[in-house]
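One chain comes next, on its own, written as C-alpha coordinates: the form predicted alone.
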(Lines give C-alpha, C1' and ligand atoms only; values in the text may rest on other atoms or scores of the structure.)
Protein backbone atom coordinates (compact mmCIF):
# COMPACT_ATOMS: atom_id res chain seq x y z
CA UNK A 1 0.00 0.00 0.00
CA UNK A 2 2.86 2.35 0.84
CA UNK A 3 4.49 1.68 -2.53
CA UNK A 4 1.21 2.36 -4.37
CA UNK A 5 0.71 5.61 -2.45
CA UNK A 6 4.18 6.78 -3.36
CA UNK A 7 3.57 5.85 -7.01
CA UNK A 8 0.30 7.77 -7.07
CA UNK A 9 1.98 10.77 -5.47
CA UNK A 10 4.80 10.65 -8.01
CA UNK A 11 2.34 10.38 -10.91
CA UNK A 12 0.39 13.36 -9.60
CA UNK A 13 3.61 15.37 -9.39
CA UNK A 14 4.48 14.43 -12.97
CA UNK A 15 0.98 15.38 -14.16
CA UNK A 16 1.23 18.71 -12.36
CA UNK A 17 4.63 19.41 -13.88
CA UNK A 18 3.32 18.49 -17.34
CA UNK A 19 0.33 20.82 -16.93
CA UNK A 20 2.62 23.65 -15.85
CA UNK A 21 4.88 23.02 -18.84
CA UNK A 22 1.98 23.08 -21.32
CA UNK A 23 0.60 26.21 -19.63
CA UNK A 24 3.99 27.89 -19.99
CA UNK A 25 4.12 26.99 -23.69
CA UNK A 26 0.59 28.32 -24.21
CA UNK A 27 1.43 31.57 -22.44
CA UNK A 28 4.65 31.90 -24.46
CA UNK A 29 2.87 31.49 -27.80
CA UNK A 30 0.07 33.81 -26.69
CA UNK A 31 2.57 36.43 -25.61
CA UNK A 32 4.01 36.55 -29.13
CA UNK A 33 0.55 37.32 -30.49
CA UNK A 34 -0.06 39.99 -27.85
CA UNK A 35 3.32 41.62 -28.50
CA UNK A 36 2.73 41.60 -32.25
CA UNK A 37 -0.74 43.12 -31.96
CA UNK A 38 0.43 45.76 -29.48
CA UNK A 39 3.34 46.74 -31.72
CA UNK A 40 1.09 47.07 -34.76
CA UNK A 41 -1.45 49.14 -32.84
CA UNK A 42 1.18 51.42 -31.31
CA UNK A 43 2.76 52.13 -34.69
CA UNK A 44 -0.56 52.25 -36.55
CA UNK A 45 -2.33 54.65 -34.23
CA UNK A 46 0.52 57.16 -34.04
CA UNK A 47 -0.24 58.95 -37.38
CA UNK A 48 -3.63 59.99 -36.00
CA UNK A 49 -2.36 61.44 -32.73
CA UNK A 50 -2.03 65.25 -32.37
CA UNK A 51 1.63 65.18 -31.36
CA UNK A 52 2.76 62.98 -34.24
CA UNK A 53 6.08 64.35 -35.53
CA UNK A 54 5.40 63.86 -39.26
CA UNK A 55 1.97 65.49 -39.42
CA UNK A 56 -1.41 64.19 -38.31
CA UNK A 57 -3.64 62.19 -40.69
CA UNK A 58 -7.41 62.60 -40.51
CA UNK A 59 -8.92 59.30 -39.41
CA UNK A 60 -12.15 59.73 -41.39
CA UNK A 61 -10.25 60.52 -44.58
CA UNK A 62 -8.04 57.50 -43.97
CA UNK A 63 -10.87 55.04 -43.43
CA UNK A 64 -13.21 56.27 -46.15
CA UNK A 65 -10.87 57.92 -48.64
CA UNK A 66 -10.88 56.75 -52.24
CA UNK A 67 -7.34 57.82 -53.16
CA UNK A 68 -4.02 56.47 -51.91
CA UNK A 69 -1.04 58.48 -53.14
CA UNK A 70 1.94 58.77 -50.88
CA UNK A 71 3.54 61.35 -53.17
CA UNK A 72 0.62 63.68 -52.35
CA UNK A 73 0.23 62.55 -48.73
CA UNK A 74 -3.22 61.17 -49.52
CA UNK A 75 -3.82 57.99 -47.54
CA UNK A 76 -7.34 56.74 -48.09
CA UNK A 77 -7.93 53.00 -47.70
CA UNK A 78 -11.70 52.88 -48.18
CA UNK A 79 -11.44 51.71 -51.78
CA UNK A 80 -8.59 49.33 -50.89
CA UNK A 81 -10.78 47.60 -48.30
CA UNK A 82 -13.48 47.15 -50.95
CA UNK A 83 -10.93 45.78 -53.43
CA UNK A 84 -9.61 43.34 -50.83
CA UNK A 85 -13.09 42.10 -49.96
CA UNK A 86 -14.02 41.67 -53.61
CA UNK A 87 -10.89 39.73 -54.56
CA UNK A 88 -10.82 37.51 -51.45
CA UNK A 89 -14.51 36.61 -51.34
CA UNK A 90 -14.60 36.05 -55.12
CA UNK A 91 -11.65 33.67 -54.74
CA UNK A 92 -13.45 31.90 -51.89
CA UNK A 93 -16.61 31.65 -53.99
CA UNK A 94 -14.64 29.89 -56.73
CA UNK A 95 -12.43 27.71 -54.55
CA UNK A 96 -14.83 26.56 -51.81
CA UNK A 97 -17.19 24.40 -53.92
CA UNK A 98 -14.29 22.93 -55.90
CA UNK A 99 -12.40 22.14 -52.70
CA UNK A 100 -15.40 20.54 -50.97
CA UNK A 101 -16.31 18.41 -53.98
CA UNK A 102 -12.67 17.35 -54.35
CA UNK A 103 -12.51 16.37 -50.69
CA UNK A 104 -15.78 14.46 -50.98
CA UNK A 105 -14.44 12.56 -53.99
CA UNK A 106 -11.15 11.75 -52.22
CA UNK A 107 -12.80 10.48 -49.02
CA UNK A 108 -16.00 8.83 -50.22
CA UNK A 109 -15.83 8.04 -53.92
CA UNK A 110 -12.28 7.54 -55.23
CA UNK A 111 -10.56 4.13 -55.04
CA UNK A 112 -8.07 3.83 -52.19
CA UNK A 113 -4.93 4.17 -54.33
CA UNK A 114 -6.28 7.15 -56.28
CA UNK A 115 -7.49 8.73 -53.04
CA UNK A 116 -4.02 8.49 -51.51
CA UNK A 117 -2.42 9.95 -54.63
CA UNK A 118 -4.82 12.88 -54.81
CA UNK A 119 -4.43 13.63 -51.11
CA UNK A 120 -0.65 13.69 -51.55
CA UNK A 121 -1.06 16.15 -54.43
CA UNK A 122 -3.24 18.42 -52.28
CA UNK A 123 -0.64 18.36 -49.50
CA UNK A 124 2.07 19.15 -52.04
CA UNK A 125 0.11 22.15 -53.31
CA UNK A 126 -0.23 23.41 -49.74
CA UNK A 127 3.55 23.32 -49.27
CA UNK A 128 4.42 25.38 -52.37
CA UNK A 129 5.84 28.82 -51.40
CA UNK A 130 3.80 31.92 -52.19
CA UNK A 131 6.46 33.35 -54.48
CA UNK A 132 6.17 30.28 -56.73
CA UNK A 133 2.45 30.90 -57.08
CA UNK A 134 3.24 34.53 -57.84
CA UNK A 135 5.70 33.61 -60.59
CA UNK A 136 3.16 31.18 -62.04
CA UNK A 137 0.47 33.85 -61.98
CA UNK A 138 2.73 36.46 -63.58
CA UNK A 139 3.72 34.06 -66.35
CA UNK A 140 0.51 32.09 -66.97
CA UNK A 141 -2.54 33.74 -65.43
CA UNK A 142 -1.71 37.15 -66.87
CA UNK A 143 -1.49 35.63 -70.35
CA UNK A 144 -4.84 33.96 -69.80
CA UNK A 145 -6.37 37.26 -68.68
CA UNK A 146 -4.96 39.04 -71.75
CA UNK A 147 -6.42 36.36 -74.02
CA UNK A 148 -9.78 36.53 -72.28
CA UNK A 149 -9.79 40.33 -72.43
CA UNK A 150 -9.09 40.21 -76.17
CA UNK A 151 -12.30 38.24 -76.66
CA UNK A 152 -14.21 41.22 -75.22
CA UNK A 153 -12.03 43.83 -76.96
CA UNK A 154 -10.72 45.05 -73.62
CA UNK A 155 -7.14 46.09 -72.94
CA UNK A 156 -5.32 45.19 -69.75
CA UNK A 157 -2.10 46.29 -68.08
CA UNK A 158 -0.14 43.31 -69.32
CA UNK A 159 -2.68 40.96 -67.77
CA UNK A 160 -2.30 42.41 -64.27
CA UNK A 161 -5.86 42.80 -63.08
CA UNK A 162 -8.50 42.04 -60.49
CA UNK A 163 -9.30 38.81 -62.34
CA UNK A 164 -5.68 37.66 -62.14
CA UNK A 165 -5.70 38.31 -58.39
CA UNK A 166 -8.95 36.38 -57.93
CA UNK A 167 -7.72 33.37 -59.90
CA UNK A 168 -4.39 33.41 -58.09
CA UNK A 169 -6.00 33.51 -54.65
CA UNK A 170 -8.50 30.80 -55.62
CA UNK A 171 -5.61 28.50 -56.54
CA UNK A 172 -3.65 29.36 -53.40
CA UNK A 173 -6.46 28.71 -50.92
CA UNK A 174 -7.65 25.52 -52.65
CA UNK A 175 -5.27 23.12 -50.82
CA UNK A 176 -5.98 24.70 -47.43
CA UNK A 177 -9.74 24.32 -47.72
CA UNK A 178 -9.46 20.87 -49.30
CA UNK A 179 -7.20 19.53 -46.53
CA UNK A 180 -9.57 20.73 -43.82
CA UNK A 181 -12.59 19.38 -45.70
CA UNK A 182 -10.91 15.96 -46.09
CA UNK A 183 -10.36 15.77 -42.34
CA UNK A 184 -13.90 16.91 -41.56
CA UNK A 185 -15.58 14.54 -44.00
CA UNK A 186 -13.43 11.63 -42.85
CA UNK A 187 -14.52 12.26 -39.25
CA UNK A 188 -18.26 11.90 -39.97
CA UNK A 189 -19.74 8.92 -38.12
CA UNK A 190 -20.36 6.01 -40.50
CA UNK A 191 -23.52 5.15 -38.59
CA UNK A 192 -25.11 8.35 -39.92
CA UNK A 193 -24.41 7.26 -43.47
CA UNK A 194 -25.72 3.73 -42.84
CA UNK A 195 -28.90 5.14 -41.30
CA UNK A 196 -29.45 7.40 -44.31
CA UNK A 197 -28.92 4.55 -46.75
CA UNK A 198 -31.23 2.30 -44.71
CA UNK A 199 -33.99 4.91 -45.00
CA UNK A 200 -33.78 4.70 -48.79
CA UNK A 201 -31.49 7.62 -49.64
CA UNK A 202 -29.01 7.17 -52.45
CA UNK A 203 -25.26 7.50 -51.91
CA UNK A 204 -25.30 10.89 -53.62
CA UNK A 205 -28.14 12.13 -51.42
CA UNK A 206 -26.34 10.79 -48.35
CA UNK A 207 -23.08 12.49 -49.30
CA UNK A 208 -24.69 15.88 -49.87
CA UNK A 209 -27.45 15.91 -47.25
CA UNK A 210 -25.81 13.96 -44.44
CA UNK A 211 -22.05 13.86 -44.83
CA UNK A 212 -21.45 17.45 -45.90
CA UNK A 213 -23.94 18.85 -43.40
CA UNK A 214 -22.33 16.86 -40.60
CA UNK A 215 -18.88 18.07 -41.67
CA UNK A 216 -19.89 21.72 -42.00
CA UNK A 217 -17.88 22.87 -38.96
CA UNK A 218 -14.62 21.56 -40.39
CA UNK A 219 -15.46 22.79 -43.88
CA UNK A 220 -16.17 26.31 -42.65
CA UNK A 221 -13.03 26.20 -40.53
CA UNK A 222 -11.15 25.51 -43.76
CA UNK A 223 -12.99 28.36 -45.45
CA UNK A 224 -11.99 30.71 -42.64
CA UNK A 225 -8.34 29.63 -42.88
CA UNK A 226 -8.43 29.94 -46.66
CA UNK A 227 -10.00 33.37 -46.51
CA UNK A 228 -7.40 34.40 -43.95
CA UNK A 229 -4.66 33.35 -46.35
CA UNK A 230 -6.35 35.25 -49.17
CA UNK A 231 -6.55 38.39 -47.04
CA UNK A 232 -2.97 38.05 -45.85
CA UNK A 233 -1.22 37.17 -49.11
CA UNK A 234 1.08 39.98 -50.20
CA UNK A 235 4.03 38.95 -52.36
CA UNK A 236 2.19 36.88 -54.95
CA UNK A 237 -0.74 39.32 -55.15
CA UNK A 238 1.60 42.29 -55.65
CA UNK A 239 3.02 40.59 -58.75
CA UNK A 240 -0.32 40.60 -60.62
CA UNK A 241 -2.49 43.26 -58.94
CA UNK A 242 -0.98 46.43 -60.32
CA UNK A 243 -0.98 49.55 -58.17
CA UNK A 244 -4.16 51.48 -58.68
CA UNK A 245 -4.14 54.80 -56.86
CA UNK A 246 -7.90 55.27 -56.63
CA UNK A 247 -10.98 53.12 -56.75
CA UNK A 248 -12.69 50.90 -55.97
CA UNK A 249 -12.06 48.44 -58.80
CA UNK A 250 -15.12 46.63 -60.14
CA UNK A 251 -13.89 45.73 -63.62
CA UNK A 252 -12.28 42.29 -63.74
CA UNK A 253 -9.74 43.49 -66.30
CA UNK A 254 -8.68 46.65 -64.47
CA UNK A 255 -5.68 46.82 -62.15
CA UNK A 256 -6.40 46.80 -58.45
CA UNK A 257 -4.82 47.33 -55.05
CA UNK A 258 -5.22 45.28 -51.87
CA UNK A 259 -4.39 46.01 -48.25
CA UNK A 260 -1.41 43.66 -48.24
CA UNK A 261 0.01 44.91 -51.54
CA UNK A 262 -0.31 48.46 -50.16
CA UNK A 263 1.69 47.50 -47.09
CA UNK A 264 4.37 45.75 -49.13
CA UNK A 265 4.90 48.17 -52.03
CA UNK A 266 8.02 50.24 -51.54
CA UNK A 267 8.40 49.23 -47.89
CA UNK A 268 12.20 49.19 -48.01
CA UNK A 269 12.43 52.69 -49.49
CA UNK A 270 10.04 54.53 -47.20
CA UNK A 271 10.33 56.28 -43.84
CA UNK A 272 8.33 58.56 -41.56
CA UNK A 273 4.60 58.92 -42.14
CA UNK A 274 4.56 56.69 -45.22
CA UNK A 275 6.18 53.91 -43.18
CA UNK A 276 3.97 54.20 -40.10
CA UNK A 277 0.75 54.47 -42.11
CA UNK A 278 1.36 50.93 -43.35
CA UNK A 279 0.85 49.72 -39.79
CA UNK A 280 -2.44 51.61 -39.82
CA UNK A 281 -3.35 49.65 -42.93
CA UNK A 282 -2.39 46.52 -40.98
CA UNK A 283 -4.88 47.41 -38.24
CA UNK A 284 -7.60 47.79 -40.87
CA UNK A 285 -6.61 44.39 -42.29
CA UNK A 286 -6.96 42.77 -38.86
CA UNK A 287 -10.42 44.28 -38.43
CA UNK A 288 -11.45 43.06 -41.89
CA UNK A 289 -10.24 39.54 -41.08
CA UNK A 290 -12.06 39.43 -37.74
CA UNK A 291 -15.24 40.75 -39.34
CA UNK A 292 -15.09 38.24 -42.17
CA UNK A 293 -14.51 35.36 -39.74
CA UNK A 294 -17.53 36.46 -37.74
CA UNK A 295 -19.62 36.54 -40.92
CA UNK A 296 -18.52 33.04 -41.97
CA UNK A 297 -19.31 31.68 -38.51
CA UNK A 298 -22.75 33.23 -38.78
CA UNK A 299 -23.30 31.55 -42.14
CA UNK A 300 -22.08 28.24 -40.68
CA UNK A 301 -24.80 28.39 -38.03
CA UNK A 302 -27.45 28.89 -40.72
CA UNK A 303 -26.27 26.09 -43.03
CA UNK A 304 -28.18 22.89 -42.39
CA UNK A 305 -30.68 24.58 -40.08
CA UNK A 306 -32.94 25.96 -42.78
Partner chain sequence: MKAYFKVRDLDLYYGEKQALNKVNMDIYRNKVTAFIGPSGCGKSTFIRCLNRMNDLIEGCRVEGEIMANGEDIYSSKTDVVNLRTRVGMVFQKPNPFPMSIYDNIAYGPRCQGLKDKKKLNEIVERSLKQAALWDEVHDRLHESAMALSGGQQQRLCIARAIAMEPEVILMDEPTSALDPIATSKIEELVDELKKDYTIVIVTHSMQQASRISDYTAFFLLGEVIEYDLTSTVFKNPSDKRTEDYITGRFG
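Predicted model only: the values in this text are computed from it and were never measured. Residue numbers count along the first chain shown, from 1.
Although not depicted, the form predicted together with its partner chain is the subject of the following passage.
**Q** Partner absent here, but in the predicted complex, which of 119-127, 172-180, 228-236, 210-218 has residues with a heavy atom within 4.5 Å of its partner chain?
**A** It is 210-218 that comes within 4.5 Å of the partner.
**Q** Tell me, out of 187, 199, 93, 131, which residue has a non-hydrogen atom within 4.5 angstroms of its partner chain in the predicted complex.
**A** That would be 199.
**Q** 98, 192, 114, 140: which sits within 4.5 Å of its partner chain in the predicted complex by any heavy atom?
**A** Here the answer is residue option 192.
**Q** According to a 4.5 angstroms non-hydrogen atom cut-off, is residue 205 in contact with its partner chain in the predicted complex?
**A** Although its partner chain is absent here, residue 205 would touch it in the predicted complex, with heavy atoms inside 4.5 Å.
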